Every structure is written in C-alpha cells, then in structure tokens.
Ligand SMILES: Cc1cc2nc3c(=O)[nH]c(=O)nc-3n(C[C@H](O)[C@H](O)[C@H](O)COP(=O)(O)OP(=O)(O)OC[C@H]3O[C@@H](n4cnc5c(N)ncnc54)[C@H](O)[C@@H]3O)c2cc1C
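Below you'll find only one chain, the form predicted on its own, shown as structure tokens.
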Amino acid sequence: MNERAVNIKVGNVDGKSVIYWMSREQRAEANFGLLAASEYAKEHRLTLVVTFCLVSEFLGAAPEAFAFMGEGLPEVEADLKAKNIPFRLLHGHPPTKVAGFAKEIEAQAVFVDFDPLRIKRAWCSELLLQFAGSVFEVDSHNIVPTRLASGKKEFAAYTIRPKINKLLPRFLVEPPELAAEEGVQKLYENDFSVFESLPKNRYFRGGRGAALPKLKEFLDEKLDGYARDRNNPTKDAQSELSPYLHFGHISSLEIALAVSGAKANEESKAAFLEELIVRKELADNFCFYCEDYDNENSLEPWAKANMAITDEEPREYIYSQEEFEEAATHDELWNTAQNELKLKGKIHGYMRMYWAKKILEWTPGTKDAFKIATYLNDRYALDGRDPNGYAGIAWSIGGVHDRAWPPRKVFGKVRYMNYNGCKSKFDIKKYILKIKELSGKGQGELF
C-alpha cells in the first residue's frame, strides 16, 4: 500500500486527527486513500475523519450527474458509521473548506485521492498553501499507480502495456479490509437534502448498492460474449460500469479480480481487462502528463501538421454547438447517438467514437471539434469529466494514442469512420429503433 502513497507535503503540525479528503473514490471498500489514512491514524494515535466537499458546479456537469453522486454519498456515510468512522459533508470551495475543517479538528495530516485533472490538481495545490500539516496523495483509482507505471506521457497502448504488465502481479491482489475505529467518535449529522430535488437519471442509480449488482449481472450474463458483441450497439454486451468507476462507487481492482476469477471465455476476459487496465490507465497517464488533454495542443507533431492542412479544407456540413446538442444534424445515426447520451447519460462505446469523429467532420476545425465534443460529453455523460472521456475525444479527433493513416478529405491522416462502415458492422436501423423506444416515443417520428 505504501507504493500507492506519495508524501507531497511534509508538515510541522502535531494534531489530534487525520483527514481523508474523499473525492475521486467515493466508497469505503477497496479504497487505498482511506486505508492509508486509517493506518497513519493508528500509528500516530490520532482520530480518523473522512470528509467530502460538495461544489455547486463541476466542469459543466448536468444535475443528473450530481444526483447520481448524491445517491452514493449516504451509503458511504453508513458504511463508515458501521466502522465507527466519522464522515463530514462540506459545501463550498474544496481546498478552503477542507483546510478550514482541518484547522477546526486540529488535523495533523490530510490524505487526498490521486486525480490527474487540472481542476483537482489546482485544488490540491491550494490545499498545500492553506494547510500547515502533512499531505499525502494516494492512487486508489488505478490498479498500477500512474506515477509508478510511467514517468512520462506514453505514446500509445503498446508503449505502456509492458510497463503495466510488469508491475501488475504486485498490485492485482485483494486489498486489506478497513479496520473499525476504537473508542467513542464524534459522528456528524449530514444533510443530503440538496440532492432530493435534482432530476434523476432514469437508467442508472448511483451508489455502491447499484454498482455491485451491475458487476454481478455483467459476470453472469455478458462477460462470456464480450469479445464477440462489445462493439455492437444493438447488443446489451457492455458492462455499464463506467459511471460507477468514474464516481469511485466501485474500484477497478475489485472488478479486475472478479473478472479474472470468473468462469468465462478467456478471450472475452482478456479483452475486458485490456480496456479496464491498460486503456483506462493510459488515459490517466495522458491527462497527468499532458496539461492540454482537452484541446488541440495535446496532439502529436504529425497530428498538428495534419490539422494545419485539414482545418483549411471546406466541410460539406457545418453545425453549431446548439445544433449538435439538440441532435439536429442530417445524420440519423449521429442524432441517435447524441440522444442516447442525453437519455441514458452514456453512449455505447463504439458509437462514442463515431459521435466524436463526425463532430470533427462537421465543425470549422479541430479546435472547435474539441470544444464541442468536450462540452457535450462533460455535460451529459455520467462518466464525463473523466480521463477516459478526454483521451477518447483526443483519439477520435486528433489521433492521440493512434498512428497516421492514409490521408482523406477533412480527416487527413486521422483515422476515419463513416455511416457505411457502421452499416457493415451492425444493424443501424435496429440501433435507431432501440434508442427511439428508450425515449418512450414508440413507433412515431424519430425524436
């Protein structure tokens, strides 16, 4: 566990407590930040307190995302209470509120979740300035911690895969169980009513209590055919676990251990674990070592040269952000993917690639495409505002983690996708009907 923790500030405070600032990992189980804070508290004979700070806005997320998160937090409070660990819900600017709370309870150290996103790293930097004690960062999101897997931005999956696989046996092991705190603890009365009035996602309920049945359903009913059906949006073959991974309601480690031990097709197990471990951790690597992960400055030199050419080429169609948002393009397949995003809070993985690539094709240039795709994904996807999303958009629009392909109009050397290519892989009309029925519009006009 010590390999997951990095001491990012050595403080000079003798306190009475230690704080685990929960952010990316919203769970009590298989949470190495919480485990490390608990271990530190016991070693120094301090009181362990967990806090979560709620902000009123986060990277343009829709209310449904906050509601999804809000469904999980009372479960966290209950799980911690069962371990005699206090949980405090704060409201406001996180570093200021956490530093203030740390002073209030005389904290000697704060443990924070590893998170490669700019906003989270900025919050952490502010905390270092406002809190005099020690601060430790713990990577509980990745099976192989990002800092250990590589010390640089990796070019592609094939460059990071051997580095991860070399370290994997050390980290793909059952996590320790969180020990209960001894003595009489001050348990806080938290008010979660702020979430009650928010519109809820109709297809996903948040929280660990919903994530675990999703995992069981995937293992029992979907995993065996995953390699065969995962790229067919007419099939219900994907795990649907990404929203729960994003909010930390369940950990990658728990899922990987469950899949590894499942009785299922070995090809399917390997395909899923490649996505869960190598591809997901490549995304964290990308965002950690590339500050411009959500814009055109993230592109490799070949792609920047390509952009300089293709951005000058005329487009057959140009749509505004509002037209994209309202699914008002000429392409019924793209419109269906956008409506799936707005209805479910999630696009099928294969369709998300098509969705992003067409935004590149129908905007004036690469910069506009990044801006619009990022806005839509962060706004409507439950698993948006996440390294996976930013890396996926950069791959689709700018060829990040990909190679140069034979040039085409508008795309240049960036990998191309089109309607006919999708038509050859799955029944487009069946997919459109599936999402139309999801919307409750039956056999009437499409959207």
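Throughout, we count residues from 1 along the sequence that is shown. Only a predicted model underlies this, so the values are computations on that prediction, with no experimental measurement involved.
FYI, the form predicted together with the named molecule isn't displayed, but the following is about it.
In the predicted bound form, the named molecule lies within 4.5 Å of some heavy atom of Asp383. Although the partner is absent here, Asn377 sits close enough that one of its heavy atoms falls within 4.5 Å of the named molecule in the predicted bound form. Although the partner is absent here, Asn31 lies well away from the named molecule in the predicted bound form, with no heavy atom inside 4.5 Å. The closest heavy atom approach of Gly398 to the named molecule in the predicted bound form falls outside 4.5 Å.
Residues within 4.5 angstroms of the named molecule in the predicted bound form, judged by any non-hydrogen atom, belong to 267-275 and to none of the other stretches in 294-302, 180-188, 267-275, 75-83. Of the listed positions (Thr146, Ser242, Asn339, Thr366), a single one reaches within 4.5 angstroms of the named molecule by any non-hydrogen atom in the predicted bound form, namely Ser242. Exactly one listed residue, out of Thr310, Ser134, Asn201, Gln238, brings a non-hydrogen atom to within 4.5 Å of the named molecule in the predicted bound form: Gln238.
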